[in-house]
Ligand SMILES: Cc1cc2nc3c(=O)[nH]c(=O)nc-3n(C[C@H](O)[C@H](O)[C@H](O)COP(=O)(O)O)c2cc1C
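Next comes just one chain, in structure tokens: the form predicted alone.
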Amino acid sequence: MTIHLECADELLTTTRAVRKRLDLTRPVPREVILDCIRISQQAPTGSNSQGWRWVVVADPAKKQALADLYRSVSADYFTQASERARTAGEAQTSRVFDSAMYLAEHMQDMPLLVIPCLMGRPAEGGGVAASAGFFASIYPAVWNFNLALRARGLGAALTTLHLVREKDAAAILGIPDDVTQVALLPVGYTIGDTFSPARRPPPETITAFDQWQLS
């Protein structure tokens, strides 16, 4: 089967972090999320370990508890970061933080909160190689999940701030001590389906060949 390059490029360049454009009123069927997780399972993992686990939260009380936890660590950070971006005249960055603050305020209203997890814990004192190997065993699956959502008219925003209070989140959801949460993604159908590529620097300005020649 030939993959249509145009369709693949559109999917890859328009899968955005969606916050304000998630439909808070439309339920997400369980079978749709399971389809997206099924797609995620085709991602590579270190040593073919396939240690992915997913916690999908629809219960209103648990969403509220996770939202309160998220706001407890994000409020000051988002406010200060947004102000810095606004003062520096960084309009795009300022919009991102304003959107992030909206998400924090409405986290409990999202149709689903999805927490990808990895069996085991990062090796203590393992250095860069051990940490990279550990998290590289799940983040490709997390991004596969996002792409699968986009292809089905849904969106998400990959957040990690709740990990400051990972143990508290684990207590809310009954996640064992030997399982590592790696993110929290609010998930819902998108309002509209027109997403454009973001503005990014030319690849020539961030790429070196054979030897580091970058500022």
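Just so you know, these numbers come straight off a predicted model, no measurement behind them. Counting begins at 1, following the sequence as shown.
The same protein also exists as the form predicted in complex with the ligand; that form is not shown, yet it is the one meant from here on.
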task: Quick one: from Leu69, Val32, Ile175, Leu161, grab the residue that has a heavy atom within 4.5 Å of the ligand in the predicted bound form.
output: Leu161
- request: Select from the listed residues Val142, Leu103, Leu118, Ile115 the one whose heavy atoms reach within 4.5 Å of the ligand in the predicted bound form.
  value: Leu103
query: According to a 4.5 angstroms non-hydrogen atom cut-off, is Ala198 in contact with the ligand in the predicted bound form?
result: yes
field: 4.5 Å heavy atom contact, Phe134 to the ligand in the predicted bound form
entry: no
query: Does the ligand get within 4.5 angstroms of any non-hydrogen atom of Ala17 in the predicted bound form?
result: yes
message: Counting any heavy atom within 4.5 Å as contact, can you tell me which stretch out of 52-60, 24-32, 152-160, 167-175 lines the ligand in the predicted bound form?
response: 152-160
